[in-house]
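Have a look below at one chain only, the form predicted alone, in structure tokens format.
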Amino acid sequence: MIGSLSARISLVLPNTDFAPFRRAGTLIRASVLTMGLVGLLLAVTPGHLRAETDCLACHADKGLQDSAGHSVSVDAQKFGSSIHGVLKCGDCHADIKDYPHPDHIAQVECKTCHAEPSSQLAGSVHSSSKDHPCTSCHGDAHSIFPKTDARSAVYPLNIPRTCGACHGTEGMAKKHGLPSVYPLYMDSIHGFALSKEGLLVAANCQSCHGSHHILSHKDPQSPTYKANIPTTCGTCHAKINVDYQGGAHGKAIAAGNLKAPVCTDCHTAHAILQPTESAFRMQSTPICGSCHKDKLSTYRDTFHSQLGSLGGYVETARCWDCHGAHEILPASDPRSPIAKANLVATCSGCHKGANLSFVQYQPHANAHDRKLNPALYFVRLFMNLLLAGVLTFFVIHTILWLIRARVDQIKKKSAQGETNA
């Protein structure tokens, strides 16, 4: 542009020397090019790292350690793309003003920026900052990414492994008297859905326990407190929660009876199996029987139980095949699958030819209850008396036979002695 302008002016002023103008144009073009290169360099430099070149001159060294032998190196690229990449070093390390650094550097206070999570953490089971600093869950402070970023330690797919660093090692578990739950979770239906299927909606540690304000399961405010577990599980299993709340167990819990079962009593807390799996079906009856001991004993006398126990048939009727799994109602409720009007339909689930005569079968007949089962009670009594009488008769008969045999033996010896004499 400068050159073309000088050419036009030369037509008007032919004797003018335009060399200085040409040199000025060259300098302007060089300045514009230099500014463009500087702008490009600033654009590709991560975050505020361009303002922290003095710090990175040392801390970019991957082998840099402090006097205690801890690594103090910073990956510039990771830090620049992290959630803290917009900050300057001095924003967190406020007591470091120059070099050399102070002998004793103050611990970085995350609560300066993260006041709410810090206050929640202070009242949680992880309140000890010595054992549970923020970085033990979120990772290195210079490479913390948003929870929606797959590189984040608290990304849904990574949470079990992050929590498992403490809750899956024998050392930490023994130190605090905790079970090692990480392997149990990973083998569960939730762990399989998350790790194998990649379902981000599958329940992870945070889904049930929370993130910062994690409380003991004995605390009534905790989502894992027994009375709160149905609501916690119901966050994902909404329909099941509605059924449970309408059943006998849910109503008992709502009334304050903490002896009534909740989700974890039947499904466990971490080692949750698919309900259709044979392993769960085979253990379901003892689970129900742990509370309903009288019903378990009568069930074990039936064809259903003996077939399942002796042959291991998973198709054999279990408690919830007849009573329902979650909306468990008494037989007096017309909606109950064991109400008289519904028995044919319930039994027809397995026995296609079931009719009114068929459903007279009593799955919990109690031979010891005269009032409930009088015929069975007297048959049992008669058979027991008959058995006792037969055994008593043969015991007496055997004793008399032995006595007579011994008497005959003595008489025989006496007779032989007289003959010899």
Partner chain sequence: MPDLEQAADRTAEQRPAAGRHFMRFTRAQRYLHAVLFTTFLGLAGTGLPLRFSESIWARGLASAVGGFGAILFFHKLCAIVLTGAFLVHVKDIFTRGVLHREKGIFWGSTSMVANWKDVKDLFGHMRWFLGLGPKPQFERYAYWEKFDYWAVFWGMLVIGFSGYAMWFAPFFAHFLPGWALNAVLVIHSEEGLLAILFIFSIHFVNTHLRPDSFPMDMVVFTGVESEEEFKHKRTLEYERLASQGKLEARLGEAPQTWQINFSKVIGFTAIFIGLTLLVLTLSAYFI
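It should be emphasised that the depicted structure is a prediction, and the values quoted were computed from it without experimental measurement. Residue numbers count along the first chain shown, from 1.
One more form of this protein should be noted, the form predicted in complex with its partner chain, which is absent from this view; the next part is about it.
Its partner chain is not shown here, and in the predicted bound form it never comes within 4.5 Å of any heavy atom of K196. Although the partner is absent here, E116 sits far enough away that none of its heavy atoms falls within 4.5 Å of its partner chain in the predicted bound form. When contacts are judged by a 4.5 Å heavy atom cut-off, D91 does not count as touching its partner chain in the predicted bound form. Heavy atoms of L387 reach within 4.5 Å of its partner chain in the predicted bound form, making it an interface residue. Between its partner chain and the residues Q77, S127, S71, S309, the one pair within 4.5 Å by heavy atoms in the predicted bound form involves S309. Checking D301, D131, D187, E109 against its partner chain in the predicted bound form, a heavy atom within 4.5 Å turns up for just one residue: D301. Residues of 382-398 lying near its partner chain in the predicted bound form, listed in sequence order, are M383, N384, L386, L387, V390, L391, F393, F394, V395, H397, T398, the criterion being any heavy atom within 4.5 Å.
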